[in-house]
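Only one chain is included here, represented as structure tokens and corresponding to the form predicted alone.
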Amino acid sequence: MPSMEVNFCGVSIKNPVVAASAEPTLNAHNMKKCIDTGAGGIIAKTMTDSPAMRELTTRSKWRFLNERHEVCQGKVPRAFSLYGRSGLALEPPEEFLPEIKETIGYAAEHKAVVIGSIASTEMQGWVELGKQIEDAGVSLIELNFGCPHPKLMPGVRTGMNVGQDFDYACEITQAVAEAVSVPIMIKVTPQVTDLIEFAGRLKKVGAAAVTLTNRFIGFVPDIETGKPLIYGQAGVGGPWIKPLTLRWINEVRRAYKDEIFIAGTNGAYDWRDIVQFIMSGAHIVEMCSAVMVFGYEWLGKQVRGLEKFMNEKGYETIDQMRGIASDAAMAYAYMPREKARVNPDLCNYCRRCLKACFYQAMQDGEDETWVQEDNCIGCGGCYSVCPVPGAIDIVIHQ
């Protein structure tokens, strides 16, 4: 059987599937449920010294949206959106830390890793929270510079409000890194111009890893009522966003290789997505949205699915997969020239390819379509709309 063990920032994790910091890790009860599934680890709900962010969680609301961005109400599609308004851990540190300690003891019995998450509104607060959660016994600490909800609360400088200020974020990172001995990882917001530069700067001031990425801020009106869904703007993420997340994982991987560890989050629905995250360059993959839809056991199902995939494909370790897609990525100028090719024995003459071709390459024949090669650039539009497997291929042009 393949080994799914991962070295993440010097910490051994039995598999790369980790429950993200969210409602499924809200307290010891929930965190234990995640651990029971066989997940490699959990990231606790973000501990904070901000009463406003704790109070906000008591008003939490979220909706699972379909492809039309309407509330699912039963059937949740694979590419759903999680649209929500929430906050950070409900309890103040003095009440939440016992929950962390209880979970760490339970995790040790199951060979799982507990990662702490913190967020403050002041520089010294970040440092104090870091020390407190390290003393509780966590293996790593995630600094939450990505939470979208503080952006919706004027005067609360934490979460995304920190992640969009690179200088301030680096000051906090350095201060916490100097104050604690466990590795720290920085959860960033995608709503910035350049995460490549940011990742490099964070590494220089002491970050061992970056978590790519937290949710965006969105806005969804309800056309039946003319009012905004769940009262206004909210954080938006979920499986639909995966390509955007993988873009940043790909770019950070290509820029820094193994100089910085990567935790991937926001977009992983199942084990297939976990594989894509790893092949893009992620060391571990944090899951949340699908767990909130299907329950804790969803985590264990993906651990088993990943192991089965590795066994079938002959991957003996996670490292054999990690970053292989990013390492094989080509610049536009180096992509080979291709042409479409129609298999007349399989073409059912539905003519969909004619509608998808804008280069006058697909031609209308008597019984099947055919390719005017001089016009074809191999864009793949015809291949994508063809309903018959094998009827159209895209081949490298010699």
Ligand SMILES: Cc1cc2nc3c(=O)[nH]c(=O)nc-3n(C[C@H](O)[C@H](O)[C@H](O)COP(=O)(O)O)c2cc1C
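Note that residue numbering follows the sequence shown and begins at 1. Not measured: the values here are computed from a predicted model.
The protein also exists as the form predicted together with this ligand; that form is not presented, and the subsequent description refers to it.
Colleague: Given that this ligand is not shown alongside this chain, does Gly267 nevertheless sit within 4.5 Å of it in the model of the complex, heavy atom to heavy atom?
Modeller: Yes.
Colleague: With the partner left out here, check for me: in the model of the complex, does some heavy atom of Glu286 sit within 4.5 Å of this ligand?
Modeller: Answer yes; at least one heavy atom of Glu286 falls within 4.5 Å of this ligand in the model of the complex.
Colleague: Would Ser139 sit within 4.5 Å of this ligand in the model of the complex, counting heavy atoms only?
Modeller: Judged by the heavy-atom cut-off of 4.5 Å, Ser139 is well away from this ligand in the model of the complex.
Colleague: Should Ala20 be classed as touching this ligand in the model of the complex when contacts are defined as heavy atoms within 4.5 Å?
Modeller: Although this ligand is absent here, Ala20 would touch it in the model of the complex, with heavy atoms inside 4.5 Å.
Colleague: Check each of Ser120, Thr173, Asn214, Gln302 and return the one that places a heavy atom within 4.5 angstroms of this ligand in the model of the complex.
Modeller: Only one option qualifies, and that one is Asn214.
Colleague: Could you tell me which one of Ile186, Ile278, Leu88, Ala263 places a heavy atom within 4.5 Å of this ligand in the model of the complex?
Modeller: None of the others qualify; the residue that does is Leu88.
Colleague: Would you point out which of 29-37, 66-74, 44-52, 328-336 contains residues with a non-hydrogen atom within 4.5 Å of this ligand in the model of the complex?
Modeller: Of the options, only 44-52 has residues within 4.5 Å of the partner.
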